[in-house]
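This document starts with one chain, in the form predicted on its own, laid out as structure tokens.
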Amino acid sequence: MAIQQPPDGPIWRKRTTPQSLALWFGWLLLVLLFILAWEAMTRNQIWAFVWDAPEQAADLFGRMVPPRWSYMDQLWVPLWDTINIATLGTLLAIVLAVPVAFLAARNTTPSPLLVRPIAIFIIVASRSVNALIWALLLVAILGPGLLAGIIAIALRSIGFIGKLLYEAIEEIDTRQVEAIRATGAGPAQVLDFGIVPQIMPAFAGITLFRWDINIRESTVLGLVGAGGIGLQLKSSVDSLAWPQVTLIFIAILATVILSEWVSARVRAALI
């Protein structure tokens, strides 16, 4: 008699009564949490504004079209400033994030108990604060201008680049490193020939991805005085020049699409 083989994949089993009760209790808690959150969010909501929102949106849209194309002559310099903020901020972040990443990686840090926690703290602190908040603080310290925006983008990007890069360093093939070390190579040669070639594809992808993100983030830094096209957006909104706002939105969208295309082409060429 042939032995019947068990079916592939997980075997379905009926839940026990305690398991079913626990599942229903979990769903009940989730529904209760949603109700409490909704109550907290809508406690001070004026619903008359919500019901009137479609009419107000239609009225605003009617004032935003057609765009004021003649205003484009005043946007070329702010757009160029926005791209420069993103590019220079990304470059500055690379200079600062690469050493932090090597100090944070378990297989390259000089001290897992002292140096690595400090490097991890720097990465977490950078990722915890939005670029707009960094810009707000830097404008108060350095004054309005592009420098505050560049440093804000850099401080925000250190955590992103550092985290992804140190994870890539930890995932390298250690056999290549050991083979180079076995030839008598020093620490600098091991880094140059054993580690860097393995992480370069990831490094290129991380850098381009972050630059693409920074193009988007730098468009709003001008709202707090950190330069870029956000300054024109704020002044247009404050003066109720809605056709200019529409044109600024179009310019930002075109810039983001262009940066996405450039990033994809360069990434495809390097990786």
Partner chain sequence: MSGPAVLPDPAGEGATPGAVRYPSHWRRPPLISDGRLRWAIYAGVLVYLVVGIGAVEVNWGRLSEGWERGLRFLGGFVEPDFISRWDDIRAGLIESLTMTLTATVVGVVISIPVGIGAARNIAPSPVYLACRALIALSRSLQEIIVAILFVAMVGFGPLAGFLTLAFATIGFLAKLLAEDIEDIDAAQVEAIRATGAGWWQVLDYGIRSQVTPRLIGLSLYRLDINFRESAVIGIVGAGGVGATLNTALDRYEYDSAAAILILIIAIVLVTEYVSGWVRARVQ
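Positions refer to the first chain, counted from 1. Between two forms, the rigid core is the largest collection of C-alphas that superpose within 1.5 Å. Note that the structure is a prediction, hence the values are computed from the model and not measured.
Keep in mind the form predicted in complex with its partner chain is missing from the figure; the text below concerns it.
Visitor: So in the predicted complex, are 105, 122 and 231 all sitting within 4.5 Å of its partner chain, heavy atoms only?
Guide: No, the candidate spot makes no contact with its partner chain.
Visitor: Heavy atoms within 4.5 Å of its partner chain in the predicted complex: which of the stretches 105-113, 86-94, 67-75, 166-174 has them?
Guide: In the other structure, the partner sits against 86-94.
Visitor: Does any part of residue 98 reach within 4.5 Å of its partner chain in the predicted complex? Heavy atoms only, please.
Guide: Looking in the predicted complex, residue contacts with its partner chain do not include residue 98, since no heavy atom lies within 4.5 Å.
Visitor: With the cut-off set at 4.5 Å between non-hydrogen atoms, does residue 181 touch its partner chain in the predicted complex?
Guide: No - in the predicted complex, heavy atoms of residue 181 and its partner chain never come within 4.5 Å of each other.
Visitor: Contact between residue 249 and its partner chain in the predicted complex at 4.5 Å, heavy atoms?
Guide: Although its partner chain is absent here, residue 249 would touch it in the predicted complex, with heavy atoms inside 4.5 Å.
Visitor: Contact with its partner chain in the predicted complex for residue 118, defined as at least one heavy atom pair within 4.5 Å: yes or no?
Guide: Flag for residue 118 set to no.
Visitor: If you apply a 4.5 angstroms heavy atom cut-off, which residues in 214-233 are near its partner chain in the predicted complex?
Guide: Sequence-ordered list: 216, 217, 219, 220, 223, 224, 233.
Visitor: Honestly, after the rigid core fit, is residue 257 moving at least 2 Å at Cα between this form and the one not shown?
Guide: No: residue 257 shifts by under 2 Å between this form and the one not shown.
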